[in-house]
Structures are given as C-alpha cells and as structure tokens.
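The data below hold one chain only, encoded as structure tokens and taken in the form predicted alone.
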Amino acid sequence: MSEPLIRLEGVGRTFRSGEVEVNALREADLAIDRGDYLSIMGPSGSGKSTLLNITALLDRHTSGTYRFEGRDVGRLSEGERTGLRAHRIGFVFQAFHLLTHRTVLENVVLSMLYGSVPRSDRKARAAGALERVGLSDRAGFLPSRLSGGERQRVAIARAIVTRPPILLCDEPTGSLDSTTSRSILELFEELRSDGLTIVVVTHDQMVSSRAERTIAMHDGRVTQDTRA
C-alpha cells in the first residue's frame, strides 16, 4: 500500500497563556491519500483551524509526528518548511488576498516569484491556470472589476499554478452567495478529477456534503472520520 500524501500520528498543539496551558489540538491521527476530497467540520474552538495550519506548515505541532510525502516535517529547518509550503501546498482562503493594483494575470504570476518556475515560463503557466478556472477573458482586468466568485477563481488559479499535489481551503465559500458557492464547489470537483487532493475547512453543511470524506472535530480532537 502506498504512503499517504499526509500522515498525522498523535499530533498535538499546546499553547501557553500565562500560567494556563491550552490544548488546541489533541493526539490527532489522520491519513490523507492522494486524490482525497475531504472536509473538516466543527464548532468554533474545535481545533479545525489549528489542524489546518499545522497541515499547511503555517504552525508547528508540539507533539506527535507529521509526515508529508513521507518526510517528517518536524525534522525540517524553517527554510525547508518554507520551500515545501511554497512548492507543494496550495492555499485558498475566505478572503481572496488579491493585490488590487495588479491585473488578474499578474496576481497569478506573482505567486511563482519565489518558486522554481523559470521566469520565461511564468506568464504562460499563469494563463494556463486562469484557463483552467474559466477566467482567460479576465486576465487583463483588475480585481475590482471582478465579482466575488471570479475573485475566488483567481485565488484558486494562483493556488494551483505551481501544480501542488494538495489544495488547502479555509472557508473558501464564506464570502459568497449560495449559487456562486456551488460553482466554486463544482470547480473543486473538476480539479479533484484532475488528481488534486482537496481539504476544505468549513462550518457549512452544504459545502461539507460535497466532499467524499468528512472529519468531525470537537474540543481539539478528531471525533469522527466518515466517507460518503
């Protein structure tokens, strides 16, 4: 059996607030295979954002083992973590985080600024990513001229342009109406059919129901792992 893309074994995250110790994540066990499409659900304070941040290498776990493509990330230097995050993980957030004074194409190109894509290939790669999300005709627009759904599609193009194996999404439809949300979820399903692994943190049952696997969290623990 092949190694999972991501494997967490007994992973925890503890914070100190004065004299108080806060267990934001407790002994999480989770394996994410290539091509998985899963949602992470739970109430505020359940640990889902902590789990996502650790998985995204935006935060460090304080116990347990986290392996990404077989590598123990706890043994990596900060520079190695940064490189892994830049080249192998795509991010989509509720806020689109687009540069308002840059065109759509430039926003996507800039995501490759510190990557391994040769400068001569960046515009073509960005144009291809925009075509994949259905926005070729918006490449020269500024973000202010786009709808919310279009801005999120630009953010998705920016996330996939480096061709990472996994896309991590934090409430990606939280700022969108229901019709636009469905179109974004349909795009996720298309990207998943291309082989991309997708993880979505959400509190929206409709969003979660589109995934093939749901991770439920409560009080910092993974309490359920179910497949549709």
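Numbering starts at 1 and follows the sequence shown. Rigid core: the largest C-alpha set superposing within 1.5 Å between the two forms. Just so we're clear, the structure is a prediction, and the values are computed from it rather than from any experiment.
There is also a form predicted in complex with a small molecule; it is not shown, and the following applies to it.
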{"property": "In the predicted complex, T179 touching the small molecule (heavy atom, 4.5 Å)", "result": "no"}
{"property": "Partner contact for S193 in the predicted complex: the small molecule, 4.5 angstroms, heavy atom", "result": "no"}
{"property": "S49: touches the small molecule in the predicted complex, heavy atom cutoff 4.5 angstroms", "result": "yes"}
{"property": "Touches the small molecule in the predicted complex: G45 (any heavy atom, 4.5 Å)", "result": "yes"}
{"property": "Stretch from 60 to 68, 185 to 193, 158 to 166, 36 to 44 whose residues place a heavy atom within 4.5 Å of the small molecule in the predicted complex", "result": "36 to 44"}
{"property": "Yes/no, Q205 Cα shift of 2 Å or more between the shown form and the other one with rigid core fixed", "result": "no"}
